[in-house]
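Coming up is one lone chain in structure tokens, specifically the form predicted alone.
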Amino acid sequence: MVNPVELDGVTREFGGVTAVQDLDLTVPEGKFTALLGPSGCGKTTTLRMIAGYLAPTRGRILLDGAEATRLPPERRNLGMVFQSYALFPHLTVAKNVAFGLRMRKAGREETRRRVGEALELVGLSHLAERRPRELSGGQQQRVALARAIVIRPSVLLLDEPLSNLDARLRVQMRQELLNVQRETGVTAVLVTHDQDEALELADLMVILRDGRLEQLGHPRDVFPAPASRFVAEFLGYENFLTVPGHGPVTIRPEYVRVLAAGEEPPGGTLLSGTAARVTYRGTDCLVAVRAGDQTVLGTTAAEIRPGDEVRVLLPGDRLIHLPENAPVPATAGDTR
């Protein structure tokens, strides 16, 4: 099977700085792939190399099995949604969406039909004659999405398209992005620094660190089993402990039970300590416990106050071991 995008040993250097190093990656067809990591990890550079706006210093890029390393953007049949949306302010919504078709010399009737289909898909048919300044941020984002998909790209590239929206609208637009991708079946590559966005959208998460691949896989495989402390921290894990008999581990606070005096523990590893901070959350309390030279975050429904002596229960089946220099998997396996 021919894959939509393959990166073979791709490296990009800027002066003396290596932004992406020896990256091997296969983007699965018809799936949503998320390039994830903190600022400066190389994710946007990788996307721009796929798009053709940057050339690799070394390595190869294959699109649909064909060599495309030096191919200019306009010959790659890729749709791209930029962080700023990059809409033409003097053109109507319909003419913005039609731009790529006009560049491809599509006929007038075909252009009208496909623009109509794209606007209907993103729910903006009624705003076809508006200009970008008359639209909300979410509507502008959907215009940019319609413009990218109307050309029927082999791959849809999304460069942090939701980062300029407020929190509530970002959540709504995630689902709209996913709906469009599922309805069209287009292969999509998303750049984001938002772990929630990647968890909700991605069939394949690709986590980068300093230009290198740190871990990849389906979110259901990566989230419960981070391959390193870096991945765990990036995915929101907060407890990093050294536990006798287990070594360096991480565990999410919701799996840690803080026991008040007199509470009988079920099986698991117990640590003794002092409650340092108690935060009421409605259904339970989040407790920061000082246990020796370590701080453990856990939850409780019991009446616990700062200064109370407590015990912390760490269920063995929830402890994730974090060996140093954990190997990065060579393939994604089941991307679902």
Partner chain sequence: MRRRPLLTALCALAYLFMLGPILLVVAVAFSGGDTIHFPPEGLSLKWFGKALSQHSFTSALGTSVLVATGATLLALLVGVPLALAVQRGRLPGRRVIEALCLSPIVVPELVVGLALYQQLMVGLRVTALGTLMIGHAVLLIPYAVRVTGASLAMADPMLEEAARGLGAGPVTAFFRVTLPVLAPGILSAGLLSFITSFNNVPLSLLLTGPGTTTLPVEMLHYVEFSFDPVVAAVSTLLLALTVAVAVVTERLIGFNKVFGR
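Note that the coordinates shown come from a computational prediction; the quantities given were computed from them, not determined experimentally. Positions refer to the first chain, counted from 1.
Not pictured, yet referred to below: the form predicted in complex with the partner chain.
The closest heavy atom approach of E74 to the partner chain in the predicted complex falls within 4.5 Å. Using a 4.5 angstroms threshold between heavy atoms, H90 counts as touching the partner chain in the predicted complex.
Proximity of R142 to the partner chain in the predicted complex falls outside the 4.5 Å heavy atom cutoff.
In the predicted complex, the partner chain lies within 4.5 Å of some heavy atom of F99. Stretch-level contact check against the partner chain in the predicted complex with heavy atoms at 4.5 Å: of 230 to 238, 112 to 120, 208 to 216, 75 to 83, the positive one is 75 to 83. Here is the short version: of L199, I151, L259, A106, the single residue with a heavy atom within 4.5 Å of the partner chain in the predicted complex is I151.
The partner is not shown here, but in the predicted complex the stretch 14 to 53 reaches within 4.5 angstroms of the partner chain through a heavy atom at R48, Y53.
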